[in-house]
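Listed next as structure tokens is one chain, alone, in the form predicted on its own.
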Amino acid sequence: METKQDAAAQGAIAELLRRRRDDVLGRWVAIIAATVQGRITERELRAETAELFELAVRVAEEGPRGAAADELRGALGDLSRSRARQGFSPTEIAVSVFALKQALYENMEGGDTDEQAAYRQFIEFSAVMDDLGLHTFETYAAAREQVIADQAESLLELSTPVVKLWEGIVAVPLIGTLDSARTQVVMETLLQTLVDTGSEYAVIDITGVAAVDTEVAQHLLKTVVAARLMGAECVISGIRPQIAHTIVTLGIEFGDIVTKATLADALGYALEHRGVVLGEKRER
């Protein structure tokens, strides 16, 4: 339960912030500017910080459970998400909050009697700012995780291109590890391309896949079945000797799926079954 003495102390902090607004705000901006090193203009910093400062004054008046604390928490959350998307570090985000404590402390030293009374309650105000700083960091971390997830999804789409090799023939060159998430992207991209191009053959090239195990084989089979449902025949190419040995050792059955050693062999197979005859190269 808040006492009259606590309320008076909160009022002393708020009064000090108002009385020395320009000094505290200016020092706050200077500390942040030194940390971000020109990545934000001083004008933008002052505009952002001025809004946070006014909310901080209200928090000093109302306490950590007032409406102002919720507003300040929301404003800092928005700032954290914005900074996270811009690539700022956690330290640069934290300074936006904790630098107010330093600026306030510096302006309390050597003050008059009223300011000394406020100084005695500085630690309580500091605890509030620490809590807000923690909230800011948590928001930043969540925003960065979302940014990373979005980038990973974009990279996943870029790493599974479907290219048109010939009229009616498309290919999916796979590189790296083939997992459930990537298989889903491959399947969706391949099926959409089959619809868009009306292709009858799809070559799934696994030359760049490091290893084929039971799980990878199951993923490939699912993709082949999905393509067949769209009326397209799949050819798996890139079956190197080491991979062939692994497939046999594991007892993996590809059934009636056509497999070829190289992408060129797979393309030749698809061209032959489409009735395309390529002329031999003439000697000069």
Partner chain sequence: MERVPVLKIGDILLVSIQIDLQDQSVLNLQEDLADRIVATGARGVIIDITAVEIVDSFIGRMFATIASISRLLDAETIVVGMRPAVAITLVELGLSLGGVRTALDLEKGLRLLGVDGLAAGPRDRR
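Nothing here was measured: the structure is a model prediction, and the numbers come from that model. Positions refer to the first chain, counted from 1.
Although not depicted, the form predicted in complex with its partner chain is the subject of the following passage.
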| property | result |
| --- | --- |
| Any non-hydrogen atom of Arg228 within 4.5 angstroms of its partner chain in the predicted bound form | yes |
| Heavy atom of Gln192 within 4.5 Å of its partner chain in the predicted bound form | yes |
| Partner proximity in the predicted bound form: Gly176 to its partner chain, non-hydrogen atom cutoff 4.5 Å | no |
| Contact test in the predicted bound form: Glu188 vs its partner chain, heavy atoms, 4.5 Å | yes |
| Interface residue in the predicted bound form among Arg65, Arg240, Arg39, Lys222, criterion: non-hydrogen atom within 4.5 angstroms of its partner chain | Lys222 |
| In the predicted bound form, the residue from Pro161, Pro90, Gly198, Gly74 that sits within 4.5 Å of its partner chain by heavy atoms | Gly198 |
| Partner-proximal stretch of 198-206, 82-90, 129-137, 98-106 relative to its partner chain in the predicted bound form, 4.5 angstroms, heavy atom | 198-206 |
